[in-house]
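Shown here is one chain on its own, the form predicted on its own, set out as structure tokens.
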Amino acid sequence: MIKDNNNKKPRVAIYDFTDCEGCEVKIVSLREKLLLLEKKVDIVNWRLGQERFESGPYDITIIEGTPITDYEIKLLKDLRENSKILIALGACAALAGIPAIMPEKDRKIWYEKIYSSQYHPKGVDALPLSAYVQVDFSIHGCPVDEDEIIRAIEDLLSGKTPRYHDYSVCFECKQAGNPCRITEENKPCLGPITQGGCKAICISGGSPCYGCFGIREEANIPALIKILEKITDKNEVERYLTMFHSRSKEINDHK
């Protein structure tokens, strides 16, 4: 989708909204690979990684986090207008993720308890970037996987459209030699409906899959919900489904 024309390197900007910046730290952790990547692109705007700041237009804009203020929403729309390619980086940007867990009515209760009834919050409900603008590709994860960052950027630089993996986390669990949490351990897991790419890192470390890599295409969500409700109660199933997907249409259509 982005090709190097006339030996001019694509201009790349990296922005962050409301988040923990963990996914941007993953970019920094590319280390030598980041230096090699910088030979192919010109990172002209990245608050976390450098002092350089240049305005758009940009060839590729990468955004971490979810916009929850009027300023962030306006900036997002401006970046969309001034970017050829817009990429959501991580679960907060792609899914709204953890920031979206608490609904507005509950936030109001905690605002008053913590800050008093005189506090006037500036934030709005956390929504994915796609609720406001067109997103060309999402690099999923909480945090993202370094190899997925490189794969997406290299595809764009070679003129390809990045694609999501056509297998679930279950495939990567098999590769890692993990026992199935559902069939062998009788424990909840969203691996069957979650697209691969994370290398099953959570399950390999002893934790369940909460679906931070996004719902895979043609996922049989109703079937998995029925299975999970035989393993645990509905409240626990709801907790699993809304850890990262409280704003996910695919999940909410089947709850």
Partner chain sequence: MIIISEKNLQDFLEKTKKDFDFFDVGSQDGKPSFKKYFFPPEEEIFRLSDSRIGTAKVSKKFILFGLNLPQLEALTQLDEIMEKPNKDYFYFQRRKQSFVIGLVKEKIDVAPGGDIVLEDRGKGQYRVLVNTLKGKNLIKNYNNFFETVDEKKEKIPQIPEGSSLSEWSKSMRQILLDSELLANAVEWSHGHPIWDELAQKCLGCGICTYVCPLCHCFSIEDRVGLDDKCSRCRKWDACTLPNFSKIAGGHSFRPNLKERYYNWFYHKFVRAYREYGKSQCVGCGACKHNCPAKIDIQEVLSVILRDYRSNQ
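Residue numbers count along the first chain shown, from 1. A quick note: this is a predicted structure, and the numbers were derived from the prediction, not measured.
Missing here is the form predicted in complex with the partner chain; even so, the following discussion is about that form.
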For a quick test of understanding: in the predicted complex, does each of Ser168, Gly177 and Arg216 have a heavy atom within 4.5 Å of the partner chain?
yes
Using a 4.5 Å heavy atom cut-off, which stretch among 31 to 39, 61 to 69, 206 to 214, 44 to 52 contacts the partner chain in the predicted complex?
31 to 39
Residue-level contact is defined here as any heavy atom of the residue lying within 4.5 Å of the partner chain in the predicted complex; does Leu127 satisfy this criterion?
no
Are any of the heavy atoms in Cys202 no more than 4.5 Å from a heavy atom of the partner chain in the predicted complex?
no
My question is simply whether Thr183 lines the interface with the partner chain in the predicted complex - judged by any non-hydrogen atom within 4.5 Å.
yes
Answer yes if any heavy atom of Asn82 is within 4.5 Å of a heavy atom of the partner chain in the predicted complex; otherwise answer no.
no
One residue of Leu157, Ile98, Val133, Ile73 in contact with the partner chain, assessed in the predicted complex (non-hydrogen atom, 4.5 angstroms):
Leu157
Pick out the residues of 189 to 212 whose heavy atoms come within 4.5 Å of the partner chain in the predicted complex.
Pro192
